[in-house]
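Below, in structure tokens: the form predicted alone, a single chain.
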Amino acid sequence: MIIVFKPHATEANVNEVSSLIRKLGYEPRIIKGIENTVIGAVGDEILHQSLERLKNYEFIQNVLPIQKSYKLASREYHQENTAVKIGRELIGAGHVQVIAGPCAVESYEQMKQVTKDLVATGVKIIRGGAFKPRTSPYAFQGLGEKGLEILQAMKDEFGVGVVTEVVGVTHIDRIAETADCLQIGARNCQNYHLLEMVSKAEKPVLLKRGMSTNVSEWLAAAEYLLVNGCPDVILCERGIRTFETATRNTLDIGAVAVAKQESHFPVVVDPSHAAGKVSLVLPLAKAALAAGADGLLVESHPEPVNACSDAAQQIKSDEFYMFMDELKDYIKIAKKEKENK
């Protein structure tokens, strides 16, 4: 349920209603807007008592039910766009970011070269996997702890923000020491226990859509993060599994528009995993920004041909400036459109 206060409501009024909500079995989540204060009452409306009675208070403007499974992530709860901070940079609510880096951290030399190349093009947030979930148990699984040490070195040397993936509960605390944003990959989108544990790390979370997850399920997964204490969520569309074989995955541009309408959180797109081949990354990136995405998650490597994973879809880092140059007008339009809303 959403409880909307009238503009003249006092702090005491808000506290009074919050206490009552708790007594009725709900958890109050307060948002103070420019004109109105809103409380989201989190809980099962079937198990707990109705909050309709709150309409009797003279300082309450309305009490609205939210029938969706993603209450805190919904526009009904929070109408304004949310900006999330990764390191020193904001994404969402008019802030557009290109997050780039290799699929996997392979060596200090590799990461230093790619970070140097990307920073020169204006990239301020670096991605790179220290732990890699792979379909085959024989494939490269990442450098683990050593990879995190290398990512920390990139932060220290270049002042960049870092996004890296969490693949299991046992790695969360160590990864959170280094990463500015924890990534949940497509395979773990609906790993609810992992989502609950990651929420306690007090770091932003980039949640990739599962390869067979519909939009409602994706947003419900984000809700798991929110109700367990993680207020900073970034949604990432990375393509879904369909019958089409021309691309690695089918980029669902429609899902970007729907997620922006349904949720207040930033939405980014991973054109690299959707494309599967480097020649398609740029057109998919343009389509994503045109559809309203708040940013991109792009793979780049100093020598893609020698990459330990995803070689075919990674942009050569010393050519990344050409990619950014092609996108500059799309990024300007995206920022302008968001500023005007």
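Treat the numbers as computed from the prediction; the structure is a model and nothing was measured. One rule holds for the numbers: they count along the sequence shown, beginning at 1.
Not on display, but discussed next: the form predicted together with a small molecule.
Residue contact with the small molecule in the predicted bound form: H273 places a heavy atom within 4.5 Å of it. Contact between D294 and the small molecule in the predicted bound form is not found at the 4.5 Å heavy atom cutoff.
The small molecule in the predicted bound form comes within 4.5 Å of no heavy atom belonging to K116. Though the partner is left out of this view, G185 does reach within 4.5 Å of the small molecule in the predicted bound form, counting heavy atoms only. The partner is absent here, but in the predicted bound form a heavy atom of R238, alone among R238, H95, H171, K203, sits within 4.5 Å of the small molecule. The contact with the small molecule in the predicted bound form, taken as any heavy atom within 4.5 Å, belongs to P133 out of P231, P133, G144, G122. Taken together, R127, E165 and E299 are fully in contact with the small molecule in the predicted bound form: each brings a heavy atom within 4.5 Å. Partner contacts here mean any heavy atom within 4.5 Å of the small molecule in the predicted bound form, and among 250-258, 185-193, 215-223, 85-93 they occur only in 185-193.
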